[in-house]
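Take a look at this one chain, the form predicted on its own, written out in structure tokens.
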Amino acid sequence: MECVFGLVGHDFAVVAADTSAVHSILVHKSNEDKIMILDSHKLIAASGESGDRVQFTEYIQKNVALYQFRNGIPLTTAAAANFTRGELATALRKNPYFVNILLAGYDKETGPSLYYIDYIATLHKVDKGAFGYGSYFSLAMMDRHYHSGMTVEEAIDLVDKCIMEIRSRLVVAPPNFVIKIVDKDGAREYAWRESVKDAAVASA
């Protein structure tokens, strides 16, 4: 029951994801961070099979870093999105990754942007996007309340509305979410929305 969603505001982009690591009917942990910081001004949020998600996002992160190391300049958000899409398209014909991605970034020339990339290598630049079962509710909330030029406070309020809707409407809703933001000051964690904490196991 994964939920990943994001939106673009006035001079920033914000991405939120559930933090549940689930296999079949089991919840393994409730603090799995599914939003990776690609570089100083990019975030990649992913949903899908756990192994594919971790392996593919780490592969993209290391290749983005390698490009910057070799060339002395970072990839733009559009270039990183197109590289990610190309790798998914190549893998699709060999050993496909079941992973859906929202890539958010901030560029000095173009400002904030958000890219939607699904597991069959579809790429779209969007103002708002979502993946997973929670997308039914988060997209509906964003269609109703989103407008261009939102402030950080308005965007976070909308993210909280989406989280509350997912928790109240989804039959097996993830309890915890992480929110990250990227703007001219860089990519960073903004907040957690927790209703369940992983308890430490007492030693026997």
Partner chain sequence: MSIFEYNGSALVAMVGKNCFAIASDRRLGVQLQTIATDFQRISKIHDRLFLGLSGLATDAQTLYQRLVFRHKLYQLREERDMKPETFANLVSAILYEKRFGPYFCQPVIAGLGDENKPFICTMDSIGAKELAKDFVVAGTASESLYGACESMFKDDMEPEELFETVSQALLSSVDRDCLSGWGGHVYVVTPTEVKERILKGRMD
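Residue numbers count along the first chain shown, from 1. Note that the structure is a prediction, hence the values are computed from the model and not measured.
Unshown form predicted together with the partner chain; subsequent notes refer to it.
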### Message
Looking at heavy atoms inside 4.5 Å, which stretch does the partner chain contact in the predicted bound form, given the options 134-142, 171-179, 52-60, 26-34?
### Response
134-142
### Query
Which listed residue (110, 95, 71, 122) meets the criterion of a heavy atom within 4.5 Å of the partner chain in the predicted bound form?
122
### Task
Give a yes or no on whether each residue among 82, 85 and 118 has a heavy atom within 4.5 Å of the partner chain in the predicted bound form.
yes
### Message
My question is simply whether residue 89 lines the interface with the partner chain in the predicted bound form - judged by any non-hydrogen atom within 4.5 Å.
### Response
yes
